[in-house]
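Consider the single chain below, provided in structure tokens and representing the form predicted on its own.
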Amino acid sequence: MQNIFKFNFYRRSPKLLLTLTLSIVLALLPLVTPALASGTAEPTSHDIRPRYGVRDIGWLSDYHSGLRNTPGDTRVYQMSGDKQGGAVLILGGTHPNEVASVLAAVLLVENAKVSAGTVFVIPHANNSASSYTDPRHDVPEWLEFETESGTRTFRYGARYTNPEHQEKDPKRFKHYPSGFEFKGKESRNLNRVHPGKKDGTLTQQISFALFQLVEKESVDVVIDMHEASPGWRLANSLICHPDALEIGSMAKMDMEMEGTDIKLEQSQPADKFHGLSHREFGDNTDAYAFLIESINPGQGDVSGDVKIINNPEHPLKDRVKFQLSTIQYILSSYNIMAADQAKKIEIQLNVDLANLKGSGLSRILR
């Protein structure tokens, strides 16, 4: 590469030198841009304030070095109990515009204490997608909460990996390794690329790292938090991999006995659909896999002030309560049904979920 610049340019005019140099750079730019697309920015930082319950804070790149120094890297919070037990991975922000998932994960990091087993929490699973707000959607860029410590802000992210962080969308995206086809933009949808690919796109590498975490940490349960538009059939539902359906059924029954309505769904057959977390984690790891869907009034066809936080029908505090309650019931059912009772996972939230509706999020965010 250095030999290109060893011609006798000093004999030419400065203007000619500049012109020739720019010509070479522009000619080479299409060759280098795709390779640099995922490595030109550091990961977005967020206002998360862990308490003593968090024993360790690492990076997703600890499980796949290809993510290091890219905008796809993200923090992994680990909480461990004094008693040995199983392990659970809880994901928020797979789609960062589904903000109840992010806030529920943040509240776990800031308030939860683990008495048995190990809990891994990733509030921003697709950190690249949390770096921007999709300009096509009429939603706020930031959510603000007035807390005892002052104003706290959280980005209303996007559904897809930031287009500046990944090469141009293909016309059609082929899921790896199945070959199942999606629209091209789904190549930037973390919940369409599982189980990922070690040398794939940024989004595929994020997924690959998550699967490496599950394997290396011997995770027993994976819970992926999402939100759905009010009119969608999966709004307020729990989707289970077939292997986890019995646990999910018990959780649903217990929730309804306590007065919370929730729908129960099973993952679509593997020959019908690919890339979804509950299907792929269940198929490709030993973990029981679940996906939770609360209702987000900011999704679907919306316009004007939809009041993401204080929506009269679906306030954010109720949606966060739904996410956290469902996690509790899943783990309670898992503990009862686990073949190995030494693999229990016990979390105390230190948050009064029964009164969360009245107190709001501002009083429990640090």
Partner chain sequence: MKKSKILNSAVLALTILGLVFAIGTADEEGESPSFEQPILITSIGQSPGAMMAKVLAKRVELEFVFEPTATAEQLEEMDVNTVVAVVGASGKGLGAAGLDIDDEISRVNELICKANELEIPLIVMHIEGAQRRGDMSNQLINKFVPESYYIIVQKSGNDDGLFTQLSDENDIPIKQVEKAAGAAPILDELID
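Numbering follows the first chain given and starts at 1. Model, not experiment: these values are computed from the prediction.
Here the subject shifts to the form predicted together with the partner chain, a form of this protein not shown in this document.
Notebook entry, point to check: Looking at 125-133, 73-81, 258-266, 104-112, which one sits within 4.5 Å of the partner chain in the predicted complex if you count heavy atoms only?
Noted result: Of the options given, it is 258-266.
Q) Is Glu167 one of the residues lying within 4.5 Å of the partner chain in the predicted complex, judged by heavy atom distances? A) No - in the predicted complex, heavy atoms of Glu167 and the partner chain never come within 4.5 Å of each other.
May I ask you to check whether Asp254 falls inside a 4.5 Å heavy atom distance of the partner chain in the predicted complex? Contact check for Asp254: yes, within 4.5 Å of the partner chain in the predicted complex.
Notebook entry, point to check: Is Gln212 close enough to the partner chain in the predicted complex to count, meaning some heavy atom within 4.5 Å?
Noted result: Gln212 lies outside the contact set for the partner chain.
Answer yes if any heavy atom of Met250 is within 4.5 Å of a heavy atom of the partner chain in the predicted complex; otherwise answer no. Looking in the predicted complex, residue contacts with the partner chain include Met250, since a heavy atom lies within 4.5 Å.
message: Within 4.5 Å, heavy atoms only, which of Arg172, Lys216, Lys198, Lys272 is in contact with the partner chain in the predicted complex?
response: Comparing distances to the partner chain in the predicted complex, the residue within 4.5 Å is Lys272.
>> Can you pick out, from Glu141, Glu181, Glu146, Glu246, the residue that has a heavy atom within 4.5 Å of the partner chain in the predicted complex?
In response: None of the other options qualify; the answer is Glu246.
### Task
Would you give me the residues of 207-233 that have any heavy atom within 4.5 Å of the partner chain in the predicted complex, in order from first to last?
Result: Arg233 alone.
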